[in-house]
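For reference, the chain that follows is the form predicted on its own, supplied as structure tokens.
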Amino acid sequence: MVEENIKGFLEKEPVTGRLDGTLPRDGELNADLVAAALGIETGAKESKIPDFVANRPPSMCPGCSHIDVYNALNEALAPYGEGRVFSDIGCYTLGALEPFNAINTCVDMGASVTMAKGAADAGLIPAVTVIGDSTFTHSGMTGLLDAVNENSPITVIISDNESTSMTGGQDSSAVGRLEAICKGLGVDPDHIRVLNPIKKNHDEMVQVMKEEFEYDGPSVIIPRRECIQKALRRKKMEAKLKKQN
């Protein structure tokens, strides 16, 4: 009975959406897009972009720690082939763009860990997660717990810039806690590796990543360096306070 109702409805009202171009294939939806797809007039008009405005794709800030992480990750993964990096939502998602082209999937917050687990359980090894410190404490921990419980061979890279930088630099609830959280979830302490992601440590980062890719179980790599924008704001505030005193 339910199937007949659905078929009858579909025969009268054809389904449209992302696949036929009624809605854009990527990006977020908003009220105007949904209204247009439903044939509802909203009065919204598309503004013409002035000719003098240059097309400037989003990019990571100069000096961002994520840059050094992706440079090392690309080199470490090169012998294994493409399609192994499951990422998440944050500044580091820009690693999907040039010049890195380092991310293969991004769905929603926390999904990187569970997608990597599923890929590894299906035989894609190594399977790598790239997730930020604040996103990890938001919704990535449960996926890592599942990986620990089933001993799934994934490598979770928590790119720790000690900040919720994507939304303005708020304090991250992960500051000072990541190692303890991972140990509490059951990750072998010998496979919780903390790195300083700077250019002179590139070879060390590549070597550590390669070692953890070969580990038959869940491992965590934590490249830790303060967000460059947060560091600049902190230094300005320190200089201001020093001047006042």
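Just count from 1 along the sequence shown to find any residue number. None of the values given here were measured: they were computed from a predicted structure.
Not on display, but discussed next: the form predicted together with a small molecule.
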Legend entry - Contact check for 109, 161 and 165 against the small molecule in the predicted bound form, heavy atom at 4.5 Å: yes
Legend entry - Which of 70-78, 148-156, 111-119, 134-142 lines the interface with the small molecule in the predicted bound form (heavy atom within 4.5 Å): 134-142
Inset, instruction - May I ask you to check whether residue 86 falls inside a 4.5 Å heavy atom distance of the small molecule in the predicted bound form? - result: no
Legend entry - Touches the small molecule in the predicted bound form: residue 127 (any heavy atom, 4.5 Å): no
Legend entry - Contact test in the predicted bound form: residue 95 vs the small molecule, heavy atoms, 4.5 Å: no
Inset, instruction - Answer with yes or no whether residue 102 is in contact with the small molecule in the predicted bound form, where contact means some heavy atom within 4.5 Å. - result: no
